[in-house]
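A single chain, nothing else alongside it, follows as structure tokens in the form predicted on its own.
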Amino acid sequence: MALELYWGSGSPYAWRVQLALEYKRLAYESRLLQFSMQEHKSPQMLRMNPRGRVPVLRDGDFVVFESLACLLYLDRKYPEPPLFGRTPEEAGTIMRVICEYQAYAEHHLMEIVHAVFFENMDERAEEVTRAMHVVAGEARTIEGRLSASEWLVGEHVSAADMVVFPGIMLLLRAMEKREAGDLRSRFLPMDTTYPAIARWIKRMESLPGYDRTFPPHWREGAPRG
């Protein structure tokens, strides 16, 4: 039985697993769920993931959810090409970069995104300003890392790139919206503000199968600045 991935368009967490599947060139059945119809909370989905979230990866009788768990499962079950490096040192560094992003950047990034998409920037101005300072600082850290290397860890794309990339893309999409206002100038244009990250984004977009992972409903949006 082929791998099955249950996902939703625009979910940065599901996007991570799509990138991994394509990078490993694994055959899988794509199960796109409609958030607007609450399909991710259907009885079938809740039987696989009681939390009612995506991604959910099914491999025969085995089901795994939470994006990082999915990445680790894929790497242990289908080890080539590796997502977590080839040495203990590489694995430790990749996990450290992922943990740093999740601990110090991700929550604040999502605060900004939610404020923009739900159009309550004015109500959350102080919170968003604080989050913006944190995210800008973390972006400078990522910029420095990518100024010295083509990928976040080492000479090859890894799970670190696949975890961080969708979050940055979601933030950039939020910055395209009118509601982002003056916040836009903190990140755009990327070629000027964070040139190493901009080059890295292009490298990620050139990975085999990338087009199949791009959120379908984003294709109708405005071009990135």
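Numbering starts at 1 and runs along the sequence shown. Only a predicted model underlies this, so the values are computations on that prediction, with no experimental measurement involved.
The discussion below concerns the form predicted together with a small molecule, not included here.
Think of it this way: in the predicted complex, the small molecule has a heavy atom of just one of 181, 52, 195, 189 within 4.5 Å, and the residue is 52.
Per the 4.5 Å heavy atom criterion, the small molecule in the predicted complex is contacted by stretch 52 to 60, the sole one of 195 to 203, 52 to 60, 23 to 31, 172 to 180.
In the predicted complex, the small molecule lies farther than 4.5 Å from every heavy atom of residue 18. Looking at residue 156, you'd find every heavy atom of it more than 4.5 angstroms from the small molecule in the predicted complex. In the predicted complex, the small molecule lies within 4.5 Å of some heavy atom of residue 12.
Taking the partner from elsewhere, residue 39 is found to have every heavy atom lying beyond 4.5 Å of the small molecule in the predicted complex.
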